[in-house]
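Two forms of a single protein chain come next, each set out by itself as structure tokens; they are called structure 1 and structure 2.
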Structure 1
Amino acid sequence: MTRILPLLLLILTALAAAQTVEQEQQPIPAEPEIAEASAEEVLDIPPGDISPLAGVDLTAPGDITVMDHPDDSGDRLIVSFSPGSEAEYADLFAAYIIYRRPAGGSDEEWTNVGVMPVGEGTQFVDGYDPDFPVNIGESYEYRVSALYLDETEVMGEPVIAQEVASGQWFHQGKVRVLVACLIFLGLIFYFFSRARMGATMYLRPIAGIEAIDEAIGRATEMGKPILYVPGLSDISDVATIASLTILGRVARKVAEYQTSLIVPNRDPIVYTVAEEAVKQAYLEAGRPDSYDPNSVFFLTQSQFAFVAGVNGIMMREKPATNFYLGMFWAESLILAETGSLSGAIQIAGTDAVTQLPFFITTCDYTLIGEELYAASAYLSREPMQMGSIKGLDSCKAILMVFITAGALMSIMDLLAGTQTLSWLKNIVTTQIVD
């Protein structure tokens, strides 16, 4: 505890300094809604037969100024203008229309890039609409017209933009995010270095991971095979990669115990990687001659045909242990229920939140969410992986402290009816993630 307190004070000081830097910035206009409607669709009242503005000398919006939008990739410009005489006819005014063309372009090149209904102000951010992108370094001309309810449109004079769009290397409004990332990366690399120096690190026990050796031993004693299903997703899924890593560790144990292994696959690429992982595991265990090329095989890409095939394997081969590790969908309950009826010990793990209830109720052990990703480090005890998990756990502990502190400060201010702790509350709550 004495080591954590100075670290928390250092983090709070850094975040407070970052907040001060952000408060010095100029406010940026709010993101407007993309105007996909035409000018006519903005009108709420159909025009009458006789225009109430007929013969009235109306003044168009003017004083157009264009400035580069700060803290972006160079694809936005801020267009400001002064209203014309529409304030005098507020009851008849509908919207501003912003037109744009490349500098020096013809009259046919004017494009309606945005419509600002009445009450939206006189500042427009050009570039939010993907249909009308702003190009970096290109000069534009703008003109603004005032549209009235009787379809009278008063067009302003064209003005060449005073600035062109340019990108920035760093978003100054996210200084606190940068500080937090540097702190978290520092913690991870700190535990990396400790792990490489051979420091002993404690990780809380996870029942599902600790039961893997027991489940493999049970299958060996019974003389029955082990079924390993690496999920139904493709190789681009993180859960599939984590499952294949665990498969290598399981296959090594299976090779040492001389137990049969069955690995059906739905995806051809996953099948190829799983085959190489199992073959390498037998080689590392010193029993390459015991590897059975038929133990890892491709079944089918059809979701429920694959499930039917796996269920048939369960009923015919009667495996003593079933592993369901990876990404699963609607087939999870069918697989786990069949395995439960066959009397096998079952260990499941997935980051699919909607499937976790089915695995929890039908399997003996379930790895929930990130426990699936941590299983490889638990099984191998490889220093770099251990250091990574320890660093991430420390980051999560700090976030939990900040969230708790922010909640307590909000409750204290609410009960006292004051805002004395608002500056600190903003740092440790919403402002950490900009």
Structure 2
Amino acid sequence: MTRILPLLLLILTALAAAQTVEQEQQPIPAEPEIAEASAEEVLDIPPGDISPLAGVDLTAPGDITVMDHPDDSGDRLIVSFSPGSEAEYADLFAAYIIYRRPAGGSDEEWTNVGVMPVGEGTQFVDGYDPDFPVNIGESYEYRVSALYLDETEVMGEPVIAQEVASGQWFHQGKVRVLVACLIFLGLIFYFFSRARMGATMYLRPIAGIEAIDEAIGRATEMGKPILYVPGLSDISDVATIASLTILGRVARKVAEYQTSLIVPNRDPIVYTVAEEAVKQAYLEAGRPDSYDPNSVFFLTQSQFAFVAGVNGIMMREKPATNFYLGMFWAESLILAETGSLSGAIQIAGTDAVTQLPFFITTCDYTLIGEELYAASAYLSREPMQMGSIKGLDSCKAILMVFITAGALMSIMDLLAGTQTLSWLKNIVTTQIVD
């Protein structure tokens, strides 16, 4: 089964690639990036004293074709037209003005819905302007005029739009994201189900985690408490969630060893969750009566006041082991420096990349980024958590295959003059779409 999986993935990826290459060939209208100038602005250009265009017979832009904009909610239309005599008088040409009215409407109903300054082509996407929305299913009439610098406006003929705006049920520019999401979902759920069926899963040892038991044992020997800081963030932070799972396991060990535990909190909700987790752990360890309700407490919400408080605890109680697991910000350095002076074993773990250097240089063990998430699975040994780690590993394996292939193809392109790298890159390139 494990061997079929990579094969399946490859097929899926290939399918995705094929699908997306096809889709690449569809004409996607260029969306204007630069702000359009308003009509007034263009008109404000002072006219020359004697217009060089006086008496010249100018052709207006014509051949208007209106298409529904693909991949939208039905609020945009693509208006293309062919140029008139602007090319001949390119120096004097200023902008195209696009007018719209409901099909068959009166002359008063013509609305200026957009201005395209010179150089922006002859394709206009109508509907971006929130003041002049395109309504779904409504039939419109368009006309385009060419505006010259001397304020001559050459009006084109009105054309009833060939198509009406309609909404689509799937965004074709998002195929790759969808495929990636599906592969991800598939892998995670595949390993979930394997885990549930009781497959044994190997997780490599993580140094910081191996040390937890030893650290708790040491605290017991020394008769000193254990300090556990579940980070400073709120409950929606993934690091906090991982940390609370680890807290449950640590608390259980602590309960078994009959050591004391100190858990200061910064977030009021995290505090209530942590309290419940510790209580539960004591219950599971069969020692609900040794649970001390004062061991988990809410300290303060102010970041630095919190640190000052925890520092005070470290200096007074001299815990044998400090755990800093979860989300930390600037306070990491102050915590770890004080802790290292108090002589405690320090085990830290966070996904805050900016704080990791300080933990690494001042703590005994540090869980780096994803190791923190893995640690919660490793400790809980819950099949679903283990399955999710497995699933993530296979996702990383796919990325590694792509990166290796990219490197090899780049060398091959260099040696053999082929174009394989851009082909590969195309498979994973997502467009900027909304």
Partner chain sequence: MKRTVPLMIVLVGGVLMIIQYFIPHRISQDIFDNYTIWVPIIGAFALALGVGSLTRLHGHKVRNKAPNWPYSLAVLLPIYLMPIFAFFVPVSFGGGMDEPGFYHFAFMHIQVPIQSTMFSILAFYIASAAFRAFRAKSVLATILLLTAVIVMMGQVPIGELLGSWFPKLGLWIIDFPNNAAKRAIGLGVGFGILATQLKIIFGVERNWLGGAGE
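By convention here, residues take numbers in order along the sequence of structure 1, the first being 1. Here the structure is a predicted model, which means the values were calculated and not measured. Note that the rigid core is defined as the largest set of C-alphas that superpose within 1.5 Å between two forms.
Remark: the form predicted alone is the source of structure 1; structure 2 originates elsewhere. A displacement of less than 2 angstroms separates the C-alpha positions of residue 306 between the two structures, with the rigid core held in common. Once the rigid core is used as the reference frame, the Cα position of residue 64 differs between the two structures by 2 Å or more. The two rigid parts differ in orientation between the two structures, with the smaller turned by 16° against the larger. Structural comparison between the two structures after rigid-core fitting shows the C-alpha of residue 104 displaced 8.4 Å.
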